[in-house]
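Before any questions on how it binds or moves, here is one chain, the form predicted on its own, in structure tokens.
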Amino acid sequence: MKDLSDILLHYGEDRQQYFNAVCPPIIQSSNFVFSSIADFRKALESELDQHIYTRGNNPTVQILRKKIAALEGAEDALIFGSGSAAIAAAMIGNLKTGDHVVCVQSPYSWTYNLLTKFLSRFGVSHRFVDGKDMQAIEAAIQENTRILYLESPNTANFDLQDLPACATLANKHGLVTIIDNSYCSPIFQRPIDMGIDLVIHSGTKYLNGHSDVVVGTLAGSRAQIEKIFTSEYMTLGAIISPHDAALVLRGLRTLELRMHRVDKSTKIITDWLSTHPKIERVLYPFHKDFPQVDLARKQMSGCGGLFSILLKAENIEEVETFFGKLNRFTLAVSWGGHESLALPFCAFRKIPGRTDTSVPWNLIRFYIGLEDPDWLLEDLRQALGSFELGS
């Protein structure tokens, strides 16, 4: 692996090409010109490497591609307008009618929709399995299975999969392994080093880190990236703008610092919450009571800021009462930015026209941002202290 500091701060940036500016310029151009037909023909030989039209390759976006590939230890990468676009391109690029996908249980909601509502319309079947059980994964593989789709940890109950074992199993059956690595970021987990083929991130989260860009990334072998680029990427037009790419490049400058900050703060806060009498359980991969803590510590060098609690409450109203007492956590989806968040899953119940979520109603997902952990603990302490069980 290249030096992490070099990747985040310098790699891929040929400053002599742009007036020795320390920050890459935003090449806000849709089109690129050529001095001759011969030059144009040469560029068309590999649009992945040349600048012809920004729907394919743009100079600012290309710098970001190089950094993401280097962070993942991959040969190449693509940058998308969202994480769900990256997931869809990786799946569609490796499937045809009649194929089958084995996917872990409780995946990201748009991954679930892709499999159950979109790909199923085109004759692609799937099976959701308990990713903690290697025997269950192998039993789900069929003759027509083409993809083993992983999230480790996932962002609902934080289940992990044994990545080297999954890679070995997939190689045995000729499957493409794809993982959503958003939970850990490349700072805390590098799946390609463990044999995984394609690595996806919702870069909206940690990679950008400022809650102002929606972006997805896909990293893997040159052959896979080129195949997806020439078909799904170019055909569906799931691009990111040069301006947004520049914002993500800015976010990467502090990625390592931010990841270690939120990781340290979250350990402090989860340790405190796990001893509180009004907390039924803390779900956090590095907590000593987490069922897969040994696997987590084997595969991951850190956890980051996402965890959940199960509140000791008798009904949804009590959860809402507790949540209403919080002053320093913002109610919002997503995570990975500078701000701390809380998402009570009881909010996904009693919505007209929608089926209630199967996630326990007393589960609250927290994300710890860059605030002082003592300041956040003070808020949790007062909210729990004023919350009367059974009231």
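Residues carry their position along the shown sequence, with the first being 1. Keep in mind the model is a prediction, meaning the values are calculated, not measured.
Beyond what is shown, the protein has a form predicted in complex with a small molecule; the following relates to that form.
Touches the small molecule in the predicted complex: Tyr108 (any heavy atom, 4.5 Å): Result yes; Tyr108 sits at the interface with the small molecule in the predicted complex.
Contact flag, Glu72 vs the small molecule in the predicted complex, heavy atom cut 4.5 Å: The answer is no: Glu72 has no heavy atom within 4.5 Å of the small molecule.
Proximity of Asp180 to the small molecule in the predicted complex, heavy atoms at 4.5 Å: Answer yes; at least one heavy atom of Asp180 falls within 4.5 Å of the small molecule in the predicted complex.
Heavy atom of Lys205 within 4.5 Å of the small molecule in the predicted complex: Although the small molecule is absent here, Lys205 would touch it in the predicted complex, with heavy atoms inside 4.5 Å.
Listed range touching the small molecule, judged in the predicted complex by heavy atoms within 4.5 Å, from 80 to 88, 114 to 122, 314 to 322, 241 to 249: That would be stretch 80 to 88.
Heavy atom within 4.5 Å of the small molecule in the predicted complex - the one residue of Ser211, Thr270, Thr155, Gln224 that qualifies: After the contact test, the surviving option is Thr155.
Residue (of Cys166, Cys184, Val215, Val101) lying close to the small molecule in the predicted complex, criterion heavy atoms within 4.5 Å: Filtering the options by heavy-atom distance leaves Val215.
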